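Okay, here we've got a single chain as structure tokens, the form predicted on its own, with questions on binding and movement later.
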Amino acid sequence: MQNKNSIMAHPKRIGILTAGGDCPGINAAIRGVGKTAIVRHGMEVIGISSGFAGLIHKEYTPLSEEKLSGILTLGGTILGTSREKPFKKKGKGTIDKPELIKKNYKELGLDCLVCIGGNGTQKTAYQLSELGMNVVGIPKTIDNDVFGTDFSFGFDSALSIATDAIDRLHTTANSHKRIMVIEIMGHHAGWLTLYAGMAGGGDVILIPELSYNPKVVNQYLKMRAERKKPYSIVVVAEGISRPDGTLSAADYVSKLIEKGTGVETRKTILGYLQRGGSPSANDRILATRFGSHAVDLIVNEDYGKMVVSKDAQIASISLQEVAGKTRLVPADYPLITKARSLDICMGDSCITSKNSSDA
């Protein structure tokens, strides 16, 4: 039942957009924002189509409570998305996209714009706030690399998919006595690779934040074979350093390993499978909590903020604090320390292959 006492005398009109790559949980966040705004506060809500491109071309659709029903479990985004970067400099004679967005924002009568997206989206959200627009950000990404929040929705769903894939590779690797290399998404941050590697029982985990020595990795894998370990699982992030940029991380590492160990090695690249499908229960809950808290910020006219999860509590920080930053895995992160204590090779050193870099 609608709480009439909480409905504003002059209801606000808010817009919601989703930008960047898709991931599980976006629709849950849209629903969290929309239903809280409509049911609890009597706000008017419109959905902007295709990210910031929709604001440039003034493409939108009104969102009613009915339209928001049944989308909690859906993957993707009902609003569509794009990688439009309005502040990216163009040649002479092109339209001033930020000013056009500001103009359309005013013409649509918006009191606030909710931007659901990753690092690039939050940076654009901050830049729009600097133009005088009321903006609130909600972080989403499977990479978990948005600065300022412990977790972003999308990560848990992708982690489940990646872990399941590693689980399935164990049986194939064991049957054929092979080394299996699996590539996980993450251009700059290795959160997904680290967590999936640990959850899936990976023997080697390579992430962008830690340099790795192929000799250390190969020596470690050869020692496993000498100890009668029938197979090995190598989990690599797509963004690990490699001199040959033409090869994928999985291609590059699998070739290095097969050449250095003489053991048959195969690769698997999960790719976009990690971003698709229905969100996990945890992501549905986190996205809903994020969406509801975003509306609380709007009600209090506390703009220029991004919703975050800190120590399992939902809070917010300034978009200025987030803009242009990436949350990377620290070298002393507890899960890395735990991996080393379990004799999982992180590429730079391993318990069973100490001093092997000189081998």
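All of these numbers come straight from a predicted model, not from anything done at the bench. The numbering used is simple: start at 1 and walk along the sequence shown.
One more form of this protein, predicted in complex with a small molecule, exists but is not displayed; see below.
Residue-level contacts in the predicted bound form: of Lys259, His187, Lys88, His176, one residue has a heavy atom within 4.5 Å of the small molecule, and it is His187. Only one of Glu84, Asp156, Asp203, Glu238 lies close to the small molecule in the predicted bound form, with a heavy atom inside 4.5 Å, and it is Glu238. Contact with the small molecule in the predicted bound form, defined as any heavy atom within 4.5 Å, is confined among 158-166, 135-143, 104-112, 205-213 to 135-143. Interface residue remark: Lys267 is not counted as part of the site for the small molecule in the predicted bound form, having no heavy atom within 4.5 Å. In the predicted bound form, the small molecule sits beyond 4.5 Å of every heavy atom of Arg224. Among residues of the shown chain, Arg275 is one whose heavy atoms approach the small molecule to within 4.5 Å in the predicted bound form.
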